[in-house]
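Given next, in structure tokens, is a single chain: the form predicted on its own.
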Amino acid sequence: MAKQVFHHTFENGLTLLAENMPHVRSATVNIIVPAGCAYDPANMPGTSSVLSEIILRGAGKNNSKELSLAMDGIGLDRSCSAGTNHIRLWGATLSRNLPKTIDLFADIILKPHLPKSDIESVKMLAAQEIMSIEDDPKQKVMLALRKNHFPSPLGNDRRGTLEGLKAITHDALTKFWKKNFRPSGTIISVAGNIEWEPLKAQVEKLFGKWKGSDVPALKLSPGKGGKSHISKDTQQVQIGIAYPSVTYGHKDFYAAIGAVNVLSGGMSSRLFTEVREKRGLCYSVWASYQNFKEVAAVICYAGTTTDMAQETLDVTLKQIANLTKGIKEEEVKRLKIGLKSSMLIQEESSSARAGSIAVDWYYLGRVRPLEEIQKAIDSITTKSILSHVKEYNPKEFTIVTLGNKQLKYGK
């Protein structure tokens, strides 16, 4: 029997979603606000990340310490983070504490203190995170890859830059909050042992008078793409590869996911087997799917040594190209088992469901029943994957390498 997902969009544009899971004792609240780093002021990249940290430092009638104690007092496991499109506020607790959680989250969103005295310490923490990237070559190369491949500002790093952090003032941060925290485009998704009507009434009472303009369309500028190298005196080489894919909701979406899983769906996948196990070329290799509303890509990574780096890159690109030469039945069988297992595990988790229904609504404007997802997974075949990779044959590669020697990228 299909689970019912409740939905209501209020007059101000705020969307409330909820799925009742009577077999669990928990409840998870997931709130996404269209205020991610894509909306950072051009001269102040990092604004959304600073806001996501300072917004938890007091709200409503509670100062920073009182707010923390109030959340701890109901056993609320919580986080607030900035992504590309959204700032996400998340909290999981016992279902009986859901009303109190909604009260506290409403204060954080609508009545944050944004204490001026904390702004410098928050910026210092953010600066430390940026500087730590220099000690993490894998992260450094993947950040450069995404920036080069995706159109700006979708490829921006949510941490921003040291120069951008310096420019952020308390007034600028307050202005950003007032401008970008708006009901239109905000999604509150709740999953767990919940009652819909009381939840809806509470959200309407707390957020019904919230006002704000519609979310502006992002002005996208093409990423530079191509091949680039980051010179660093190290015996290890980091390789990042990206190429276009179809977006979430596209008719070929599950065929695309199937192709990625053939490449990198576990220890039996082609990249792990052919690049790492058979040839011993690298200590890590994988591929994953990354999606925005406007564009999507397959992102690949390999970490290796200088003397094996060229062969690692060549073999990895060859495995991607070889997808068009054939897909095996056993590969499809394995990936379908993996996708169904992930789906079943997600079905048991209030946190996963709260996130999933919000993602569906954001990308599709509806929530897919699990039966529809299962049917889509069942529809994956060797023929559908092969047809997809031939139609969307990866040719436009963005490649970024990091190490002491630049690699050859072919023709």
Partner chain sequence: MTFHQQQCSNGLTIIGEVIPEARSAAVGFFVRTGSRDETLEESGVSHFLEHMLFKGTKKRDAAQVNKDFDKIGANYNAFTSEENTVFYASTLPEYHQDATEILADILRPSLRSADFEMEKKVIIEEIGMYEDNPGWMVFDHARKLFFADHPLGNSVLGTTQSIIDLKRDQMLDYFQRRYIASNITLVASGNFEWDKFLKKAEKLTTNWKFGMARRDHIRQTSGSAEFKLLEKKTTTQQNVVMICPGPPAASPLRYAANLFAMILGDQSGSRLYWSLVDSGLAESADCSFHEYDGAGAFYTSFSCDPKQTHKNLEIVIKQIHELITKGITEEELEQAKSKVLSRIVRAGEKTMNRLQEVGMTWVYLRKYKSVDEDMQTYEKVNLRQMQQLIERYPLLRLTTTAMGPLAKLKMPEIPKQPKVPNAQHS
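Residue numbers count along the first chain shown, from 1. All figures in this text were calculated on a predicted structure; none of them were measured in a lab.
FYI, the form predicted in complex with the partner chain isn't displayed, but the following is about it.
This chain appears without its partner; in the predicted complex, the one residue of 303, 99, 151, 83 with a heavy atom within 4.5 Å of the partner chain is 303. Of the candidates 179, 170, 250, 340, 340 is the one whose heavy atoms come within 4.5 Å of the partner chain in the predicted complex; the others do not. Although the partner is absent from this view, residue 277 contacts the partner chain in the predicted complex, with a non-hydrogen atom inside 4.5 angstroms. Contact annotation: residue 319 falls outside 4.5 Å of the partner chain in the predicted complex, judged by heavy atom distances. Though the partner is left out of this view, residue 395 does not reach within 4.5 Å of the partner chain in the predicted complex, counting heavy atoms only. In the predicted complex, the partner chain sits within 4.5 Å of a heavy atom of residue 137. With the partner left out here, the partner chain still marks one of 197 to 205, 211 to 219, 260 to 268, 140 to 148 in the predicted complex; by a 4.5 Å heavy atom cut-off that stretch is 260 to 268. Using a 4.5 Å cut-off to the partner chain in the predicted complex, each of 25, 283 and 348 places a heavy atom inside that distance. Although the partner chain is not shown here, in the predicted complex the stretch 55 to 69 places heavy atoms of 57, 64, 65, 68, 69 within 4.5 Å of it, in sequence order.
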